[in-house]
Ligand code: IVH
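A lone chain, given as structure tokens: the form predicted on its own.
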């Protein structure tokens, strides 16, 4: 075989594989009728990719292997839209829809037909094709400029890479996820995502298209803008988009007085609802009732004028087209403008973005600020200063920004807010750990003040009279820097300063004195160490770590497993305990608090003769007992004497308390040489 014939054979095989993969893709995604197994499909895909890697010059620009994605980091460059990408006018009642239909018909003066579509709760995107090839995919952005996410869009199977005809056009559509796929994906990811919409929008803006390829995103097209077309109705444009290979939402409807148009719609879109305009309100009611049982999330419906010439006559406002309206199923509790996004520095260095809002009344309260959690949350919502946002009070308590109603259309500024590179307080460069950013400067003023406020606040020692403003003043006047300073500071220096009189200062000092007698569990929680709150403090004490000295002793050994053996205490928290209680600065602060008279040992265990008898031992229990029913009572005795209780037998287990009917733990303990203790021997030991 000659070189030319060999090359020709390879090219023909690659084209055949492309056609075969495209056909199976269409059968699977468009018609839900797969003809081959996943393994067979993957084999075709793998063969094509191998040929492309060996012969890159023969690869097609619309090859289905482009959907796999790659690990090249893109910085989401900005791109201008060449079509109008506006918001929609909105309404929230059937009466509003009827009024809009009547107003629109009067304004145009002609008989109109309408198309009713679901308003998917996903991420909007505009696809640009040249001669039938996908060349650019751009997020909505502010309506004029969006982010170029072409590499990511190519990985979404519902988006055609090449069309059935070499046409040039722009297509608007929605990226979304089906509820079943979201639940499965979210479970595999550890349940970290809030809803399908946020995952879809966040994924679309991912910096790695390889990550996007693994998320089961889908696409529906809902508007087409052809460079050269004589199509005179929106419904005909949708039919043409379907013929070109775009998926169209089957849960739509056409409403017209024209019987011939109704007949065309029934033949072209068998799944659509078809009727006269009087049937629109019934369709709206049915859609709202069926919403909970849909395979994907929708937050409303969109009603559009069908005739293109009428759309031209009706025109646009600066904000929205006059020929379409969105019917929202639920009215937001409030809509306001996002003035800016500031950041707060927590006591442990975590940086939390905060929405600064135009004040608005929600559930009887005026809301001017709301937490935004982290940068990922902001990216999912696509938030930036100037946006109009819907807000609510989750659980009727916590203010929350739910979604963007309208992007800001200013020429300046970013389309989506990004985290500043440095701490706003001390200027230290921020470090990202997981979804959160941190300032690692332990002498950062905001961190120090935050730790003081936590230590003295309701979640800490609850020192009366020592609120956040007072502590900030004391910090600025160099009275306090660390929690132990609260007990040694000369508080009389505040007299006659910023409204502080002798009586007020005396009350502060009285509150500080009372705090010296707070129980050890409260002191432990007040320290403000990462992960160590009231619940974990109680867990530690109940597990036998009844004093700061005991915790420090095991932490210095680096034995996080002894803490992880405590039921209800995760490995991450156990490692954090070791880190916090072996840190030299923390140990110095603990010594200072002890010198100040704070309780560093659980009062119930002070002076008990048996307190140390099982220290260093790690006990497990199996079977049933005569005197200890339930058997946890026996383990409580171990904890009282300083022993650790673990749920499973391992090489670090020192004792297994075995009762009647002992299970597999007994055999494992024997295999590992763990000491086996029976009930009568256990009672003698006590």
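Numbering follows the first chain given and starts at 1. Model, not experiment: these values are computed from the prediction.
Absent from the display: the form predicted in complex with 2-(butylsulfanyl)adenosine (IVH). The rest refers to it.
Visitor: Though 2-(butylsulfanyl)adenosine (IVH) is not shown, can you say which of 258, 464, 406, 223 has a heavy atom within 4.5 Å of it in the predicted complex?
Guide: When 2-(butylsulfanyl)adenosine (IVH) is considered in the predicted complex, the option within 4.5 Å is 223.
Visitor: Only one of 176, 114, 323, 129 has a non-hydrogen atom within 4.5 angstroms of 2-(butylsulfanyl)adenosine (IVH) in the predicted complex; which is it?
Guide: By the 4.5 Å heavy-atom cutoff, the listed residue in contact is 323.
Visitor: Looking at heavy atoms inside 4.5 Å, which stretch does 2-(butylsulfanyl)adenosine (IVH) contact in the predicted complex, given the options 428-436, 118-126, 515-523, 368-376?
Guide: Flagged stretch: 118-126.
Visitor: Is there a heavy atom of residue 251 lying 4.5 Å or less from a heavy atom of 2-(butylsulfanyl)adenosine (IVH) in the predicted complex?
Guide: Contact check for residue 251: no, nothing within 4.5 Å of 2-(butylsulfanyl)adenosine (IVH) in the predicted complex.
Visitor: Could you tell me if residue 186 has a non-hydrogen atom within 4.5 Å of 2-(butylsulfanyl)adenosine (IVH) in the predicted complex?
Guide: Taking the distances in the predicted complex, the answer for residue 186 is no, it never comes within 4.5 Å of 2-(butylsulfanyl)adenosine (IVH).
Visitor: Can you tell me whether residue 400 touches 2-(butylsulfanyl)adenosine (IVH)? I mean in the predicted complex, with a 4.5 angstroms heavy atom cut-off.
Guide: Answer no; every heavy atom of residue 400 is more than 4.5 Å from 2-(butylsulfanyl)adenosine (IVH) in the predicted complex.
Visitor: Verify the contact flag for residue 87: yes if a non-hydrogen atom of it lies within 4.5 Å of a non-hydrogen atom of 2-(butylsulfanyl)adenosine (IVH) in the predicted complex, no if not.
Guide: Output for residue 87 is yes: heavy atoms within 4.5 Å of 2-(butylsulfanyl)adenosine (IVH).
Visitor: Please state whether all three residues 550, 618 and 652 have a non-hydrogen atom within 4.5 angstroms of 2-(butylsulfanyl)adenosine (IVH) in the predicted complex.
Guide: No residue of the spot touches 2-(butylsulfanyl)adenosine (IVH) in the predicted complex.
Visitor: If you apply a 4.5 angstroms heavy atom cut-off, which residues in 138-177 are near 2-(butylsulfanyl)adenosine (IVH) in the predicted complex?
Guide: In sequence order, 140, 172, 174 come within 4.5 Å of the partner.
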